Structure formats: C-alpha cells, structure tokens
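As a starting point, one isolated chain is supplied in structure tokens, in the form predicted on its own.
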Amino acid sequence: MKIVVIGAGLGGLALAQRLVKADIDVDVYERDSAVEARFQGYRIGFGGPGLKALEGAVPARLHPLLDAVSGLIEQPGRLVDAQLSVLGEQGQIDNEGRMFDRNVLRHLLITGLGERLRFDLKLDRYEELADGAVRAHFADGSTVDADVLVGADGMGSTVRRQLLPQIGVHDLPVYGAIGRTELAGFEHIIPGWSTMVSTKNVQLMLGRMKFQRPPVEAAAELAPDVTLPDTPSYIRWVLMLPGAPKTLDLQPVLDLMHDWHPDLRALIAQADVNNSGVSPIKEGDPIEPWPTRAVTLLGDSGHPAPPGGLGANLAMVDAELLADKLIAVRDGRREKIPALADYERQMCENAKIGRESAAQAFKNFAKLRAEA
C-alpha cells in the first residue's frame, strides 16, 4: 500500500512517522524549498489526547529529547490591565500539558524520514484513477500514484479546494499582530504560563515558551543525529485588533500602546523582526462528512479554524486515527473506503469540538473587552 501525504506540517509529519513505524510505504511532498524556507510559527500547547498522540508519533528514542525541549505549565495565567495591575487569574493549570515551539517540534518529526520527505514540489491537482488509486500532479509536471492521498496542506489546502470546493475560508472582523521576543528581561511580565492584557479596544496575549533545556544543547547530548534550530526561550505575543490590517509594520501597534506600561511597549519594540508581523485571522466553513474516496484530509485542511481551536492537538489526533485505519487496511482487517469513511466521521466530530473551543475563546475575548 502506497500513501502520499501533501504537506510537511506537524500533522502530515506525525502521520508519516506512524506509517514508517508500521512499515507502510509513505512519501511526504512539501511545496516549500527546504525545512527553513519560511517561518514555522510559535509556541503551541498540547494536553490530554493531543499530547498522548504527539508522544505516539515521535520515535521512542527521541522521547527524552521531546521532554527536554518542552515548556512546563507551572502556574496559572493572569489577567492584567495596560499598567500591569493584576485583575485576576486566567485559566486552569493542566498538569499534563506541555508547551512546544512549532519549529523545534517540526524538526523532531522530520528526523528519520530521509528521502521520504520531498521539498519544492507544489501540488497542482489530483486525479482519481479507474482502479481506485489516485494520481498527484505537481506544478513541475511530475506525477506520483498512491492508494490514498492525504491532504495535510493547511488552511489554504489545495487538496481540500478540489475535494470540497464549497468550503470557503474567510477573514474574521479582527486581525492579529503576532511575534516573539526573547524571554530574558521580561520574565516578570509572565510569572505563569500566560498573561493577558485587556483594554476596551485591543487585547495583548502573552505566552511564555521557556525550554527546559536549550534545543541545540539538548539534541547534542540526547540525540546527536538530530538537528534542531538554535531558538532561545521567548515570549510569544498576539495583539488582537478590530478591523483589517492596513500595514504589516509594527509601528502602528506601538502607537496604539502609547500609554501602556513601558515594559509592555519594550516587549513589542524588542521583538524579533524576522519572526513578527501583522496578519488577518481566518476561519473556514464547517465541514461535514463527504462522499468518501481515496482522498482524505488531515489537520487544518480538514478543520480550518482560527487560533484557539485546538488545531495542533487535533492534527495529532487525526494522524493517530488515520494511521490506525490505514494499518487495518494494509493488514486486511478493513476495506479502504469504509475505513477512511470511519476516520472522516470521527475527524469531523473532533473538529466540532475545536470550533466550539475557538468560538468560546473569542466570546471570552469580547467579554473581557466589554468589562475593561
């Protein structure tokens, strides 16, 4: 059985790792030219089934390294005003939760895939063949056939646009300025796992990504064959603003904060400019199970939701569910189409939970603004 995965994000890589472990033939095709071709994101939290699924995707020998480069959730978050006066606690501590840097985690999930991971190949379209297989057509004119094609190519998924053309992705009436600033000198702002600054018009969400050990140092000792990025511990910040962005420059963000506490202004002013910017916040239409064929979706391609929708956790759960179904097909315990249909039904059910989580988060943001 041959599986082709489109997209080398966390979900696609997690699926590939599970299939390689099960000795299933799998290749991952990524449109980017290299693993570091573009910025890969900030800290993300895993807990419960998502954390368990992540641990199941990472090769067992790398579990000590996975633990070493995680961030602990040790104290509650807090809510403050623009002058850093504490207004209350926010959220609950999840003792089973961990924080990870998306780029560091991606490097871990690439480890061992070798030539199964192919860069600089942009999917143009797929073709369903008479024998039940699928042929992927790439922009360079090359093709590859598979028994199952998995679209793990994110919110803007090329696979989803062909498979489910009725599903749209829309800008929400808010946008975000997002970036990261080295943690050193700013730890006092975030004594717990997060701090939210809430005012009438804007909200600043701060999240601490403090590695238990520096990634490069940890890899050198625990898994010398693994190359991890030299990322320092940092604060991930997101400033949510009403409307649509008029510029990608951070200066208007600082202008909005002219009367805020100087430490908050300094935090934004000292941001890593190469990994910070302004972007719309997008949401996809809800997806219900569709007529199953040998093409399926995973992660944000299958449940495009805004931040707060448990996206990375759901991608790990998707990868575990889909791998189990594909292994059953390979072993002759299930037929391909019914097995994929079962996966898609469960994925859509999980996606509803993610959408509800995101919707509740945005309602909470609006409530805090109203009370500010």
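Given the structure is predicted, the values throughout are model-derived calculations rather than measurements. Note that residue numbering begins at 1 and tracks the sequence as displayed.
Below: the form predicted in complex with a small molecule, not depicted.
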4.5 Å heavy atom contact, R116 to the small molecule in the predicted complex
no
I'd like to know whether L310 contacts the small molecule in the predicted complex, with contact meaning heavy atoms within 4.5 angstroms.
yes
Residue-level question: is A315 within 4.5 Å of the small molecule in the predicted complex, judged on heavy atoms?
yes
Even though the small molecule is not shown here, does V150 get within 4.5 Å of it in the predicted complex, heavy atoms only?
no
Looking at V329, A53, A341, I44, which is the one with a non-hydrogen atom within 4.5 Å of the small molecule in the predicted complex?
I44
The small molecule in the predicted complex has a heavy atom of only one listed residue within 4.5 Å, and of V202, I287, V253, I178 that residue is I178
Considering the small molecule in the predicted complex, find the one stretch among 29-37, 342-350, 59-67, 329-337 with heavy atoms no farther than 4.5 Å from it.
29-37
